[in-house]
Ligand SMILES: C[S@@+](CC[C@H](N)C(=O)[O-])C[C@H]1O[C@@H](n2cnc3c(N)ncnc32)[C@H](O)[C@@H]1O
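Before any questions on how it binds or moves, here is one chain, the form predicted alone, in structure tokens.
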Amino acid sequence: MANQQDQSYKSIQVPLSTPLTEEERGAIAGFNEHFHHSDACIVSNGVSLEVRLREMDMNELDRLISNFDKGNNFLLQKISEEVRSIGNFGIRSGKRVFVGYNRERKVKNRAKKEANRGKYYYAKDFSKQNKSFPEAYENKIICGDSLEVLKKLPSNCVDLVFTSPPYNFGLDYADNPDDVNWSAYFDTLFEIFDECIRVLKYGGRIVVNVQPLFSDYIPSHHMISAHFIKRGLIWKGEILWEKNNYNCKYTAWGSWKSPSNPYLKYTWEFLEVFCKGSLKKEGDKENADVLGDDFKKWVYGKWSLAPERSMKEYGHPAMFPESLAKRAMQLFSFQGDLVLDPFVGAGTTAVVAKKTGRRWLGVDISPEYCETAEKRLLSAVDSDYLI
């Protein structure tokens, strides 16, 4: 195969028990003539055959076999079986691709495309003038209405918003009614998110942990994302948090063994990730605390993490684990950044911020949860990476 030695290829060996017959030599020659030398070829050393593959149209191979494998000549059939036994390959233009099929494709002109995306789709005139976070609110848990508390903060002063809004769909969440009208619920939620957008720095991120309201058939994760896009935030991605919890908190099947109305079950939640003004966040690389091995794992959009197991201990029915917050903070913010959680609950966001060397502000309307958050913060160790 001309120049094949200079190219990478997949090699399979076919041992020969007897010398090649004239018919078999003819089949090999026909194979090498039928397929382009850069795609596939057969090389014989008298003892075995080496089949060198880059890509292969299996239908073409079958047609070739029907022409050559007649009588007692089953050499190409044997080669076909060896090729089909290769389990790792890609598909391109109907061909099996054996080399480079899993190579990451680079985005051409990425910087230009990102600039155009911001200019034409996410066109929003956010101020680039970031401000310092007021010391009076730094490293605090504030008990009160998030909307009123956030209105007291200056614009462009928060680096990361990480939160999980209360579900309010059958869970006993503090004193809030769990049978609220959903239109009113989302109106209030989006008012608070609008304040989060305002106080977020240019280049800052919002990460919202949310599960669809499957009991009421409300795709809250889509609704939240649509609101952020409407407000001009840039969609950075969506992370699936796989909890591997197959009980799914309920056991109803709906229309059992019938397509009439089966109930879908979820073992996962979502993290919706958005940026304000720019996909790039400014920061000192010396303050980046995500390790290389962790970075490679976490940029894949599926995180398998066990749910929080201490909810009874903290008296809260809907908590995410510290490991979830830790990943989000280390992947999307720097040490020393200010992390805001407007629904801080039992304080997990604040605790993880403290443990990872970040500043925080947590707000919640429940005095009981705020008291729990304060107690947890007292026992949390600064820069504790072993969580």
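Numbering starts at 1 and follows the sequence shown. For clarity, every value in this text was computed on a predicted model and none was experimentally measured.
Form predicted in complex with the ligand: not shown, discussed below.
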| item | value |
| --- | --- |
| Exercise: E24 in contact with the ligand in the model of the complex, heavy atom 4.5 Å | no |
| Exercise: F320 in contact with the ligand in the model of the complex, heavy atom 4.5 Å | yes |
| Interface membership of Q330, the ligand in the model of the complex, 4.5 Å heavy atom rule | no |
| Partner contact for L20 in the model of the complex: the ligand, 4.5 angstroms, heavy atom | no |
| The single option of W360, F334, F343, F35 touching the ligand in the model of the complex, heavy atom within 4.5 Å | F343 |
| Residue stretch of 253 to 261, 290 to 298, 159 to 167, 230 to 238 approaching the ligand in the model of the complex, non-hydrogen atom distance within 4.5 Å | 159 to 167 |
